[in-house]
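Given as structure tokens, the chain that follows is alone and in the form predicted alone.
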């Protein structure tokens, strides 16, 4: 499958997936959803990939759903938007969360609607100084989807989450950093390289161990302490069986830099 609506490449253990519909601020239509899904299949099969960087082409990261792709006719029967969420958006959020490697989102410009929530499913978020996060759903009578109402209260607290979701105002990159929505702000012309630089560094780390860390943190809200302590025990048992754990200990004892292979 060749790609028209995304750009996909792999280099030095880093997969770069860039949304590529800049004429519509990388808003999602069905074709782009299918290409992103195919890219995720390739990432999961490719043993060389140890980190994913998700970003967008042009002046914006993603404006969410391409409304023209739905052909909403005011005189026709109301569409079932739940079908679109079931078919595309929910599987995308789950795929990001379930990917057994770090996912870095580099938000270049406007991130609106679902495009403001997809980054929240990623593990680390870098934003261009010009970036803006907009929960635009309330402006057209909809509910934040793509995990928005789940991630926002956990990241910024309920008060800020309600302010963003009910008022739909633009949150600047600096404000997003201050409230804990993102991890770093970078200059616009340096964003992609900074994200790739971070990804290359992570690609040299013990990949399976990072996957277990990601899993433990992602599941922490679903468990009581006793249950989560058991999960930590089980994951530590698995981590201790990896080649990278042995290499890490050997390198520490020999006072040399470790050479992790991701196994």
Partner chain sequence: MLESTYELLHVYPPVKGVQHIQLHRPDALNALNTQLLGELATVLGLAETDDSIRAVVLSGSKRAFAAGADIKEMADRDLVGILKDPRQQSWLAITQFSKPLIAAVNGYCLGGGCELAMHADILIAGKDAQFGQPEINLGIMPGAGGTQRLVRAVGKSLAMQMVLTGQAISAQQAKEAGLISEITQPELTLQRATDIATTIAQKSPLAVRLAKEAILKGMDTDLATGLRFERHAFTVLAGTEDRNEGIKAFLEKRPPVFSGR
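Residue numbers count along the first chain shown, from 1. As the structure is a prediction and not an experimental result, all values here were calculated from the model.
Missing here is the form predicted in complex with the partner chain; even so, the following discussion is about that form.
- Here the chain stands by itself, but in the predicted complex one stretch of 209-217, 25-33, 190-198, 55-63, 209-217, has heavy atoms within 4.5 Å of the partner chain.
- The closest non-hydrogen atom of residue 229 lies beyond 4.5 Å of the partner chain in the predicted complex.
- Although the partner is absent from this view, residue 67 stays clear of the partner chain in the predicted complex, with no non-hydrogen atom inside 4.5 angstroms.
- Though the partner is left out of this view, residue 237 does reach within 4.5 Å of the partner chain in the predicted complex, counting heavy atoms only.
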